[in-house]
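A single chain comes next, written as structure tokens; it is the form predicted on its own.
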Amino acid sequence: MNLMCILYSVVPTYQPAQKSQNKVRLSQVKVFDNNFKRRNMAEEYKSLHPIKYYRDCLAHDIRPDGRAFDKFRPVLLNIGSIDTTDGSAIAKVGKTTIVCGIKAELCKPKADTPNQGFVVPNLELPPLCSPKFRPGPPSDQAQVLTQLIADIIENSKCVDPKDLCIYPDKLAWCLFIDFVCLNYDGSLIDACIIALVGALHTLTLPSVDYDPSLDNKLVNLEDRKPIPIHSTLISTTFVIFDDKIILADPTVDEENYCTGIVTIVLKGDELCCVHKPGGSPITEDDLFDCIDKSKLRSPLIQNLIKTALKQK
């Protein structure tokens, strides 16, 4: 009799708890299943009608990845990443990942600029970074972006070629700056410039004793010194969608579907250059608004670089 009473008192308190837990689990499974179906439907809709998919998202003042129009993706920077180079850095802007390595070699200056060295950038876009690229010689996009980086370095004077001269008309340094894209998801120039600045701050050159009469060079690899960095470059990319909507820090899909693209490069707090390769026109007000947003972002990237240098 006592045993039955104990069972009677235990069972009613146990069974409802078990049923409630089962109901919670079933509801969670249903919610997960519904979310999974919605995601599949969204992916199918995006693959079938990509432009309309983006227009529907932007009509609700939100981008497909959940960001606002003027929201930037997270930025990561790691400096001194490659021991076999004279200076290196890895930068990430969202999923876009760039490795920058600098190698210095001795060379003879040009006759028309006898007191200057050389800075030679090169951007590589291998097939592993995106299915849009193929093996073989550099693509047109890689060559165009390489020239853009060279123009930015030359116009900004972040590295003065005169600082690379060892002996006028006889000996100078040539900096080969190689960029390799590991993952391409938009805003490629922004990631390249961040990696460039990080690599330049880690660059050190060995001391060279040169005898011009004998043309004898003695390189001391143990005695290394950094080169002067005259400015910090910050690049910010915007795209124009349907000739009227401005999106900051675009992904690769947004770059593919946009009608225009604008890249703004700042030298500290000053405007260095604006690059707009055709496409939809941009009004003066929109251009100044993009410049203002770039200036607001610039201190954040500069603080990121300073923090990376302190943690080196």
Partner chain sequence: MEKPQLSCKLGILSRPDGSAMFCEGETTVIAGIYGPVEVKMQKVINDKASVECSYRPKSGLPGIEDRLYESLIRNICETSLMASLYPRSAILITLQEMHDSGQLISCAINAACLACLQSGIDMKFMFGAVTCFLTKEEVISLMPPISKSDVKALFVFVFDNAAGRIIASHTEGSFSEEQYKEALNLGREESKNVFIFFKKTLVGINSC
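Residue numbers count along the first chain shown, from 1. What you see is a predicted model, and the numbers here were worked out from it, not measured in a lab.
Here the subject shifts to the form predicted in complex with the partner chain, a form of this protein not shown in this document.
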Answer range among 172-180, 89-97, 220-228, 151-159 for contact with the partner chain, defined in the model of the complex as heavy atoms within 4.5 Å: 151-159
Evaluate I291 for contact with the partner chain in the model of the complex, applying a 4.5 angstroms cut-off between non-hydrogen atoms, and reply yes or no. yes
Evaluate D61 for contact with the partner chain in the model of the complex, applying a 4.5 angstroms cut-off between non-hydrogen atoms, and reply yes or no. no
V274: heavy atom within 4.5 Å of the partner chain in the model of the complex? yes
Is I245 near the partner chain? Define near as a heavy atom within 4.5 Å, in the model of the complex. no
In the model of the complex, does each residue in the set Q143, T146 and S280 place a non-hydrogen atom within 4.5 angstroms of the partner chain? yes
Do any residues of 240-267 have a non-hydrogen atom within 4.5 angstroms of the partner chain in the model of the complex? If so, which ones, in sequence order? K267
